[in-house]
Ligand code: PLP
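In the form predicted on its own, a lone chain appears below as structure tokens.
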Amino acid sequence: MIYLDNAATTMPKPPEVYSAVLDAMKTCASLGRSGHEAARKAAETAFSCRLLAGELFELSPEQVVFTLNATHALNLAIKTIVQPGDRVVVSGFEHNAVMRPLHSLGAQAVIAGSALFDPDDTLTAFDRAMTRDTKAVICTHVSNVFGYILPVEELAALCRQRGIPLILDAAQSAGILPLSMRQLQAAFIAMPGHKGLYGPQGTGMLLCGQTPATLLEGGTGSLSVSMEMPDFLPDRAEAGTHNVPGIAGLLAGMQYLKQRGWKAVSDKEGALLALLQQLLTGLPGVRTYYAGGTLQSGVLSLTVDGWDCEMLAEQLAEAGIAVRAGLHCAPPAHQSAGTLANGTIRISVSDFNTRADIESFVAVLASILEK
């Protein structure tokens, strides 16, 4: 199988990730609950993971909260800041992990910036939409549909100037693009472990610029006599038993990235997308959504005249090519790009893809279209 669905979950992982997960399952107990060797090893693994995340994203280890995924992290962040009826400004490229919590809360979501690959439009639209009664700004760093890199550094500066909390969805950027809590000074940054950080599924992190509310209450191993959750991080947001094997795998994934370097990963992915665009150019009926350079990361979407994207993806799968088709859980992005009716086919690469993968995909696609 040629796997080009890395925006959903990266496959394969570095070999060290598989080894770390298995070792943790064999040797680690629950962290923060006991003083025996297996509990100590679990605690050391979790702290090492927080420490490395703090180094990579420039914040203190205790500001790193482990979550199940980016959706869990975003719900924690959103439900800390946003109240029913609040006015919240979001980009035109948000995932349902942002839009559905806002809808559930009864918040007023104002969409700002719907022009694809146009950072000036994005910034101008946010500038106009950020009124005095805006309670939060929520923005994806990279569109999971089109790979559009939004101008989050400039947007963060606008938020700081106006005293508006920023929640950043780094689902498609963590591990690939530079990302600093110190520089952005966001209220929260949410990220999955199982995508660009090369960790296992069921892992994620919320980087906390402020103390979050609680989605769950329960045991933390600290202040057990109190019926209130601890008021300090990370305990306040981590009730119950941790996914220690997952955390161990996430640590190994981030260690791989530290050694490899995010720029090397980003450069490789950019080169693969440029090759893909070059090879797709001229295929009959194929429309690509491509800007390249500093405007696009890791993802390229396409449509084909006369084809239902789901049916085409099924034929690709039968030929051993794994892509994703549809709306990708991000209807605002498709509304912005005019692809809401039929969706797109999304090709997303990782550090483990090769030129041969891209060439094979294009060859198979061309063969299907010829038939």
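Just count from 1 along the sequence shown to find any residue number. Source: prediction; values computed, not measured.
As for the form predicted in complex with the named molecule, it is not shown, yet the points below apply to it.
Open item on the list: Exactly one residue in A70, V65, V323, A42 has a non-hydrogen atom within 4.5 Å of the named molecule in the predicted bound form; which is it?
Closed with: Exactly one residue meets the criterion: A70.
Open item on the list: To verify the annotation, which of these, L300, L197, A252, L74, has a non-hydrogen atom within 4.5 Å of the named molecule in the predicted bound form?
Closed with: Exactly one listed residue reaches within 4.5 Å, namely L74.
Open item on the list: On the criterion of a non-hydrogen atom at 4.5 angstroms or closer, are T140, N144 and P192 all touching the named molecule in the predicted bound form?
Closed with: Spot residues vs the named molecule: full contact, yes.
Task: Answer range among 265-273, 120-128, 225-233, 89-97 for contact with the named molecule, defined in the predicted bound form as heavy atoms within 4.5 Å - done: Of the stretches listed, the one contacting the partner is 89-97.
Task: A7, heavy atom within 4.5 angstroms of the named molecule in the predicted bound form - done: Yes, contact at 4.5 Å.
Open item on the list: Is C159 part of the interface with the named molecule in the predicted bound form - any heavy atom within 4.5 Å?
Closed with: Contact with the named molecule, no.
Open item on the list: So in the predicted bound form, is the named molecule close enough to A171 to count as touching (4.5 Å, heavy atoms)?
Closed with: Result yes; A171 sits at the interface with the named molecule in the predicted bound form.
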